[in-house]
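Here's a solo chain for you in structure tokens, the form predicted on its own.
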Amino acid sequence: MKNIMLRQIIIILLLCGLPGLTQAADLIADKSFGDDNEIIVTFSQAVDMEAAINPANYTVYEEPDPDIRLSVEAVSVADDLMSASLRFREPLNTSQPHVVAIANLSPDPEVVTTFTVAKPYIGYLLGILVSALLINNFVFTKYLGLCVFFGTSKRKDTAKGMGFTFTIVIVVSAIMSWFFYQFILKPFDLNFLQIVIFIGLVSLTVQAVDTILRKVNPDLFNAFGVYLVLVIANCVIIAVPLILADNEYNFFETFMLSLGAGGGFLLALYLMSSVRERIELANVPPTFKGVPIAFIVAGQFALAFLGFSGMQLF
């Protein structure tokens, strides 16, 4: 008897509630970001002109911050009533998905058409990669990993070897850290052990790379010297797992972040080693020879990379 009554209630709810929801969902054919302060909405059918052009009918906010509403300055509707362009007073942060709610658009006044506007996911992934590689380079904009950076950037061969080794270590350790964080630390509420667990995973990865290099390429292993061991406590390698845990990145986003961080470190090493090899042939004052001139060059590179700040390519 209870099961029959439950089925009847479900059927009544479906008959009463779903038509309005389906109509609201089917009303939006497409949505995307336009200019810096614009959202373009395409409808599946002609809409009411008065309702679509009224900015008061629109509620827009970034998905992570639903309490902060974005002010819609004006709405322009196409002549065929099939699309609308929402203009905002301030530029939109297109790196975050935006939730748009439109009232009085459906024939049923109680139905509010709600949808999310976001960049294509592949663009979001490429944005994470390019951000870690150039825009937020961990060496030149965050000043992390400087010990290994200055120690292995004297020769191009050593710099390239350390860069590739570092990239492999950071990608493997970041993926392992993601699995531990998602399936062990979070479910058992052990977030306070993040740093300890992440350092242990990095140490395990570095030890594996150390053993492989010792057997496969002894010359490169000897060139690294003590700096390969210092990779264990490198700030960049520890920063990446902490960032992915703080931002709740999924597997693909974690891979892109770690690949971009490793590639950015490789790029920084190669650029620095190219300049330091030429500096050795230059007439540098005795006071600035060695580490002082290297710090000056690194500062100039940092100034150049700061020019990428705020850039969004995708």
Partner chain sequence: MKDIFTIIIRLTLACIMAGLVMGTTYIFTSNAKKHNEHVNEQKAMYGLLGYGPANQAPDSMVLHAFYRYIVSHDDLLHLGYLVPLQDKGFSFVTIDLDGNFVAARQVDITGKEAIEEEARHQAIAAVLDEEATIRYADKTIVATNDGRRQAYLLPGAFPGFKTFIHVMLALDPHFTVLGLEVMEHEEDPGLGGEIEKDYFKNQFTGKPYEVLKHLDVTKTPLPDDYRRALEADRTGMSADDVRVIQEQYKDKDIYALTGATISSRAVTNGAKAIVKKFAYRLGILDKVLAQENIAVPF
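Keep in mind the model is a prediction, meaning the values are calculated, not measured. Residue numbers count along the first chain shown, from 1. Note that the rigid core is defined as the largest set of C-alphas that superpose within 1.5 Å between two forms.
One more form of this protein exists, namely the form predicted together with the partner chain; it is left out here, but the text below deals with it.
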Contact residue in the predicted complex, from D189, E110, D80, D219 (heavy atom within 4.5 Å of the partner chain): D189
Residue (of Y61, F33, F251, Y270) lying close to the partner chain in the predicted complex, criterion heavy atoms within 4.5 Å: Y61
L193: touches the partner chain in the predicted complex, heavy atom cutoff 4.5 angstroms: yes
Close approach of A282 to the partner chain in the predicted complex, 4.5 Å, heavy atom: no
N136 within 4.5 Å of the partner chain in the predicted complex, heavy atoms: yes
Heavy atom of A56 within 4.5 Å of the partner chain in the predicted complex: no
Which of 274-282, 34-42, 260-268, 65-73 sits within 4.5 Å of the partner chain in the predicted complex, heavy atom basis: 65-73
Interface residues of 100-127 toward the partner chain, as seen in the predicted complex [heavy atoms, 4.5 Å]: none
Did L271 shift 2 Å or more between the shown form and the other one, C-alpha, core superposed: no
Core fit, then S95 C-alpha moves 2 Å or more between the shown form and the other one: yes
